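For reference, the chain that follows is the form predicted alone, supplied as structure tokens.
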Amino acid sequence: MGSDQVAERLSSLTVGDSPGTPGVSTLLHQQRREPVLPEQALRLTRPTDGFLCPLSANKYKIDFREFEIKDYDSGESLFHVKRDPEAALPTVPDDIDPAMEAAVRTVRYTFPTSFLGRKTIRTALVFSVGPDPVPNFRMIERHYFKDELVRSYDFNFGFCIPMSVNSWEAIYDMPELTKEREEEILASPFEMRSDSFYYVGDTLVMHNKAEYQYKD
């Protein structure tokens, strides 16, 4: 099966395929051997049931060190995490147990209910790269609620010199929500989800997930 066909099937399948048909997990196994191009990630219409590249795809040793989310208008810090600068990038085998892999590559956020009323947020990411130059570093992020696409973002960082520590700021325009949709999201913890795809050129090097709930 070619990569375009795999992406098309990924876009059309739900997690629970009927017996006798290839499920998402089978296609993800195929996809690990096929290149997943940016335009394919941009066609996905629901969260993937797994990860579209192995952990070993991060050949550039991209390492996220600090991450902060702020309200764009007020500057209020909504979330901030910073890793020990002396901590090395962990080595994880490709044959890691799927449940452990999901735990390693998925972040769960809890935000106050007022977060849903924000118009724009700003994120600041500090990351380092290894001994090879990183050309055209790009992130595609797809946000979903109950398997329905809510928002898609596409950011380009550009070139990273070898062994550098870099800062990347991104501005997110938040989706406008009806009162009914907002109440549904508040009543559905962690049903708001996102896939983040990181590319160097057209090569997928990292794929992480996040899940969100909103409560006071």
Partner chain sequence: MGLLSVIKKVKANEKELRILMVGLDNAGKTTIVKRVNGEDIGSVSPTLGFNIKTMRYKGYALNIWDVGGQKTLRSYWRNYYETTDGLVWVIDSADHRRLEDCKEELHALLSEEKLVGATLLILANKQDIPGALTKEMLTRVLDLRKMTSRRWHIEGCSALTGEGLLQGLDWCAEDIGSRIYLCE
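Positions refer to the first chain, counted from 1. Please read all numbers here as calculations on a predicted model, not as lab measurements.
FYI, the form predicted in complex with its partner chain isn't displayed, but the following is about it.
- Note on the partner interface in the predicted complex: the residue among Glu169, Glu39, Asp147, Glu183 having a heavy atom within 4.5 angstroms of its partner chain is Glu169.
- Taking the partner from the other structure, its partner chain in the predicted complex has no heavy atom within 4.5 Å of any heavy atom of Ile62.
- Looking at Phe79, you'd find every heavy atom of it more than 4.5 angstroms from its partner chain in the predicted complex.
- Proximity of Arg105 to its partner chain in the predicted complex falls outside the 4.5 Å heavy atom cutoff.
- In the predicted complex, its partner chain sits within 4.5 Å of a heavy atom belonging to Arg151.
- Shown without its partner, the chain has Tyr72 as the single residue in segment 43 to 72 with a non-hydrogen atom within 4.5 angstroms of its partner chain in the predicted complex.
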